[in-house]
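Next up: just one chain, as C-alpha cells, the form predicted on its own.
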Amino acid sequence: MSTLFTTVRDTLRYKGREGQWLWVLHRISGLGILFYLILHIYDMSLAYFNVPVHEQLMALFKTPVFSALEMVLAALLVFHAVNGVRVALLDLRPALWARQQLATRLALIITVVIAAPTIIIMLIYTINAHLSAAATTAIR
C-alpha cells in the first residue's frame, strides 16, 4: 500500500505539465471503464444465473445517481478514445513530439466537442425518463 501512496505523491509532485496530467487522466479513465466493464459483465451474468438479483440491480441502475455516473462514463470513454489516438499519433510520428502542447489542446477540444452533445442528449433522456416515471407513480 505504501507503494501506491508513493506513486500518487510522486505523480502529484512531478511538474510534467499537460502531458503528465493527460497521462494521469488517461489512467483514471481506463480504470473507470474497466470497473464499468467488470460490473456490466457481472450484472449480465446474473441475468442467467440469478434473475431476481439481476432485476434488483437493474432497478438500482435506473436511479438518478447511476444516470449521472453513466454520463461520467460517456465522458471518460470519449476522453480515453481521443487521448489514445493522440498518444498513438505521437508514438507513430516522433517528429510531432515538438507539438505535443498543440496535440494536447486539440485532444481536449475534440473531447469536449464530442462529449458535450452526447451528455446533453443523455441528460435530456434521463430527465424525461425520471419525470415520466415520477408522473406514473403519482397517478397510481
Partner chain sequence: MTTAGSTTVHSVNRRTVRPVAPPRNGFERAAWVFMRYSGLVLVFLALSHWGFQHIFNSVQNLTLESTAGRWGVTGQIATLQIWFWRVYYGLLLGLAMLHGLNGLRQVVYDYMHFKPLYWGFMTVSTLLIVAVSAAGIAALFLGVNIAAVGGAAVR
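Residue numbers count along the first chain shown, from 1. A quick note: this is a predicted structure, and the numbers were derived from the prediction, not measured.
Only in words, not in the display: the form predicted together with its partner chain, which the text now covers.
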Checklist entry - Going by a heavy atom distance of 4.5 Å, is residue 136 a contact of its partner chain in the model of the complex? => result no
Next on the checklist: Quick check on residue 116: any heavy atom within 4.5 Å of its partner chain in the model of the complex?
Outcome noted: no
Checklist entry - Taking heavy atoms only, is residue 77 within 4.5 angstroms of its partner chain in the model of the complex? => result yes
Checklist entry - With the cut-off set at 4.5 Å between non-hydrogen atoms, does residue 121 touch its partner chain in the model of the complex? => result yes
Checklist entry - For the stretch 94 to 129, which residues lie within 4.5 Å of its partner chain in the model of the complex by non-hydrogen atom distance? => result 94, 98, 118, 121, 122, 125, 126, 129
